[in-house]
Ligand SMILES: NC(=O)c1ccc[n+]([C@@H]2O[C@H](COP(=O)([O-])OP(=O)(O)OC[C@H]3O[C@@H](n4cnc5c(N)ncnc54)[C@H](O)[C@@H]3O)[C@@H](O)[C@H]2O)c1
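Next comes just one chain, in structure tokens: the form predicted alone.
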């Protein structure tokens, strides 16, 4: 199978390249390299590596491709908060553009990295795919709109799966420390504080980034896909309150203590998710990683890296900090600096 992965140099993208190549597939990776120079380790290269803006993708790159794995996005709430327009353009318009190119080129399936965050602030019931969406951030709204655009494009010959992924965590060659598990551990490793920025009562479903990549492989290899479907991706046993995660980190990092920011308030993003449909769609798929052993492994990795504390405190592995730095240096295209995008010419996609 020939696969095109957008955002392949991102946090999840690095694993996606590896799992697809490990399964024997030919991988073309396309990425704007927005976060180049912030890698934590060496990742496995794709068969074809293209540095390009997703809006500049031409039909030629899709010729002969069987499946597109669309990971390219501005992928967290703080990024969305600094410029909702930018998040909507990259995440919604970019998804629509890439999917349209793929469909016109005869690609058979399109897999979107959507998000469980679209459920927003839900009641106590575990949210399944038929639950109403209630996005409360620009990032979540951009994913709702992207799903809507893909629903209109889906057909018998152009299968679309929106993988509503739980909050990612875990090791990656392109590490992020702005995700809840990774952030709590990075603070604890660097300062001895398991630092909560909220009261910790909000619920989050979690998934290791490697398992997320494996789920994309599972759907790409499913021959019977047709039309449109949305699937929650994660594990029923990995629904946590943030405070529970903090306690796991405290136990794994010797002499660490949990602290709560004095200005902490309740986190409005509060939801629990059902992953039953995933088991029906991919009967042999199971998440291989859990939070506690992953925290233990990552703690060893962080401690073994002599520059980790300095890099973490400088924001090297925080997407918002790196993006703001490049904006300040004006090393990004005009599109990121407030300019308009010329259709098909100057939009900019980013790595998940």
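Numbering follows the first chain given and starts at 1. Bear in mind the structure is a predicted one, so any value in this text is a computation, not a measurement.
Heads up, the form predicted together with this ligand isn't pictured, but that's what we're talking about next.
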Report task. Specify the contacting stretch among 248 to 256, 196 to 204, 138 to 146, 223 to 231, defined as having any heavy atom within 4.5 Å of this ligand in the predicted complex. Result -> 138 to 146
Query raised in the report: Counting only non-hydrogen atoms and a 4.5 angstroms cut-off, does residue 75 reach this ligand in the predicted complex?
Result: yes
Query raised in the report: Wondering, does residue 67 line up within 4.5 Å of this ligand in the predicted complex on heavy atoms?
Result: no
**Report entry** Residue contact check: residue 87 to this ligand in the predicted complex, 4.5 Å heavy atom
**Finding:** no
Query raised in the report: Does residue 314 reach this ligand in the predicted complex, with heavy atoms at most 4.5 Å apart?
Result: no
Query - in the predicted complex, the one of 127, 92, 167, 235 near this ligand [non-hydrogen atom within 4.5 angstroms] - result: 167
Query raised in the report: Which one of 114, 189, 215, 177 is close to this ligand in the predicted complex, taking close to mean a heavy atom within 4.5 Å?
Result: 114
Query raised in the report: Within 4.5 Å of this ligand in the predicted complex, do we find a heavy atom from each of 171, 185 and 302?
Result: no
**Report entry** Interface residues of 1 to 15 toward this ligand, as seen in the predicted complex [heavy atoms, 4.5 Å]
**Finding:** 7, 9, 10, 11, 12, 13
